[in-house]
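Next comes just one chain, in structure tokens: the form predicted alone.
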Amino acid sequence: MSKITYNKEIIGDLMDGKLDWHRTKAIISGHKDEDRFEKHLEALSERTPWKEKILLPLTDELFIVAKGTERIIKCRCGYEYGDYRENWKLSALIHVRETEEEINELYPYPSKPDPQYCEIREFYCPGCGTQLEVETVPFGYPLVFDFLPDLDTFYREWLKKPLDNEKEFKDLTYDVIKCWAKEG
């Protein structure tokens, strides 16, 4: 039985939702080409206006990219958030909904977050204004750091293609906040 492989264009059509359901199902449930991840990254790169190499997509709009020797979070529009080991939300525009009236704009029905116990945070890109994420958390809860991948282990052990300039796998968010405290 031969394995079916898909070219970058088909992977791009899959990402863009251009394939019919039967073809989509066959691709996502079937054998994965050994170079599927690379094809996916190439197709993503063709859909961005910048040239930095995408190392890993985080969301539909946010990517970890190689910029020189650094690895940063970058929005599809080109806005740069900084080191990927820092919570990108620290550099986003944040709209907080914490009153009954503000929450009712999103939830006009009885089953909704209780403004006595929580707030809704909306995160927007300062470059293009795209809403990137929403979190509902108790008041005073720190910004949720959704995903900190160990890029070096992923590339070295899973993809068998080690990255140059290995970086320490460490959450640097606290270091950013500590610098802010010293400046203030």
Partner chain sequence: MKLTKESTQGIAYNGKTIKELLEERDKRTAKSGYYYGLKELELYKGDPMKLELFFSRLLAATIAGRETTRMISGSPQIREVAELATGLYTAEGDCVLQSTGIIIHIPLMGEVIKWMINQDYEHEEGIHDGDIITSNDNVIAGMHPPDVYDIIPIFYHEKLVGWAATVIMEAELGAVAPGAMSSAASERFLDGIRFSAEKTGENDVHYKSFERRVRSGVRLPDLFLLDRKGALAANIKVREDIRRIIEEFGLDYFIEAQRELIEIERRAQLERVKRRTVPGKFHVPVTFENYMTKTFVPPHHAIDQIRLVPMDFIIQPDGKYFLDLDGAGPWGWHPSNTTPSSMRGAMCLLLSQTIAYTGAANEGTMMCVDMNLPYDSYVNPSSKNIATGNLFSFPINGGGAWLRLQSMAFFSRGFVEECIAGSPTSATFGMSGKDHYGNDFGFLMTDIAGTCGSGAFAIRDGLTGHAPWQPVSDMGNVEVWELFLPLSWTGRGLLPNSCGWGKYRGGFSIMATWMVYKSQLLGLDITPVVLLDKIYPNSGMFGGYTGTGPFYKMVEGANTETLLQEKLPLLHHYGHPLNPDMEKNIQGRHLLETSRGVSIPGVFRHGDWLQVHYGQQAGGFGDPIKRDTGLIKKDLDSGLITLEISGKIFGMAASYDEHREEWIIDQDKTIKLREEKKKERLRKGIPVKEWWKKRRKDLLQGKMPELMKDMYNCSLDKGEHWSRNFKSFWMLRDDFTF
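Positions refer to the first chain, counted from 1. Please read all numbers here as calculations on a predicted model, not as lab measurements. Take the two forms, superpose them, and find the largest set of C-alpha atoms that agree within 1.5 Å; that set is the rigid core.
There is another form of the same protein, the form predicted in complex with the partner chain; it is not shown, and what comes next is about it.
- Put simply, residue 141 is close to the partner chain in the model of the complex: some heavy atom of it is within 4.5 Å.
- In the model of the complex, the partner chain lies farther than 4.5 Å from every heavy atom of residue 4.
- Within 4.5 Å of some heavy atom of the partner chain in the model of the complex lies at least one heavy atom of residue 16.
- By the criterion of a heavy atom within 4.5 Å, residue 137 is counted among the residues contacting the partner chain in the model of the complex.
- Not one of 22, 81 and 172 is positioned with any heavy atom within 4.5 Å of the partner chain in the model of the complex.
- Along 142 to 157, these residues reach a heavy atom to within 4.5 Å of the partner chain in the model of the complex: 142, 143, 144, 145, 146, 147, 148, 149, 150, 153, 154, 157.
- Positional change of residue 99 between the shown form and the other one reaches 2 Å or more at the C-alpha, relative to the superposed core.
- Comparing the forms between the shown form and the other one on their rigid core, the Cα displacement of residue 36 reaches 2 Å or more.
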